[in-house]
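Only one chain is shown below, in structure tokens, and it's the form predicted alone.
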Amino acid sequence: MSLVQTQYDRALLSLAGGVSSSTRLNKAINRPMLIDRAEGCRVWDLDGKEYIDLCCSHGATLLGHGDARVQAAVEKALSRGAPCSYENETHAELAALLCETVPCLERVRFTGSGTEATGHCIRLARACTGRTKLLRFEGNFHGYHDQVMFMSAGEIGLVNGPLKPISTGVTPGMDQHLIQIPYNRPGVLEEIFARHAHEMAAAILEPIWFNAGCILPTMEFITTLRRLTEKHGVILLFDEVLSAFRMCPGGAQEYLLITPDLCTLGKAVGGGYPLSVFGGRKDLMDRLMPIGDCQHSGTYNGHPVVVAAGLAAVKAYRSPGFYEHIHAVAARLFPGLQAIFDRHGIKARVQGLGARFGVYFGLNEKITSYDQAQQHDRGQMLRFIAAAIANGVYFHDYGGAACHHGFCGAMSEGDAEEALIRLDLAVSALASRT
């Protein structure tokens, strides 16, 4: 028996479900990946098999595994004793660099996860406006706290339709504070603000919707949202846990030329270490304690090791040529993968921006909405992921309809070419079984 299977069987005896996080079970192979080591754009499992990594820690290792700059910063922080729950000079240095880099940031706070970041932002928005309702967009993902763990209870695409919890155990009645509408529908925005703006504390969205693969907002939609939130005093909150640093240093808000009032940053901001950030306008952030009346605290907030890693990572993202390289690899990888599907007669659409992308099986047209993404052939996707893994390319399955994938800055154009050769074999095998 392989070491991978042996260790997974062992984990099942003490870890709930054999994993430390629910979505680490990849349903395409019916087990998690058990990784021994990683370097650059590659990982090796416990059996020594090598994979080109197109998951990249769900986007957290944008620089690549074991980046020397991040590793040196972490080792320096450890050499100083890594005192937890204290401040040092790197906190202010990283904060200043983020405020210089991300358009909406005038003040920031550090925390540990995207879930924490969105939760604190929602509380802050309610404190600042005195209102309670949250406008959200159907299918957008904002973490695992009870305030956002809801989905449509029936038909997709309804305006403020009934909601149901995504998980058991969610506090009953939380949905009364949510208004949910379809994404990319500017006319619906006009309607919902006319009826409910006086109740809304914030509008939260993934400005570039990577959690549904890769869906971009139309300019009419995103500019209408910005205009209406400004007009009605509703806080515009960009959840950039996944989109931050993906296509340019300032993330989706720089790319779209739309500046929100607050935003969250996650995954890539920590350089592969558990750091998330929330921040925005000074007048809003000044409501946080100790100078304001809205609470945000935590023993591990801004741990010196992860702040050091984050500082090294953000400096790397701002270095000359970083995004030119990202876009060059994307220009080879995304059309190359589309060409493989087309050549083998597999109906699929590849959509990407910067270092993240989605693959929609069974669809050819441009994906612009949630109801389109829901038509994606999940069974075919799982078969593709299994074939890719068998041929040494790792894609992750998140358990939903569409999935987001990505590459890292350590991937060369040659690595991308090698990945495409392996994926050609995978898709050929998939086509022969279809």
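Just so it is clear, the model here is predicted, and its values are computed rather than measured. So that there is no doubt, residue numbering starts at 1 and follows the sequence shown.
The same protein has a further form, the form predicted in complex with a small molecule, not shown here; the description that follows concerns it.
- Message: Quick check on this chain: which one of N301, T224, T129, T115 has a heavy atom within 4.5 Å of the small molecule in the predicted bound form?
- Response: For this set of options, the contacting one is T115.
- Query: Considering the small molecule in the predicted bound form, which of Y255, F334, Y144, Y273 comes within 4.5 Å of it through any heavy atom?
  - Reply: Selected option: Y144.
- Message: How about R356 - does it come within 4.5 Å of the small molecule in the predicted bound form, if we only consider non-hydrogen atoms?
- Response: R356: no, not in contact with the small molecule in the predicted bound form.
- 4.5 Å heavy atom contact, C121 to the small molecule in the predicted bound form: Residue-level check for C121: no, no contact with the small molecule.
- Touches the small molecule in the predicted bound form: V241 (any heavy atom, 4.5 Å): V241: yes, in contact with the small molecule in the predicted bound form.
- Can you check whether D261 is within 4.5 Å of the small molecule in the predicted bound form, heavy atom basis? D261: no contact with the small molecule in the predicted bound form.
- Task: Sort through 322-330, 106-114, 287-295, 168-176 and report the only stretch with a non-hydrogen atom within 4.5 Å of the small molecule in the predicted bound form.
- Result: The contacting stretch is 106-114.
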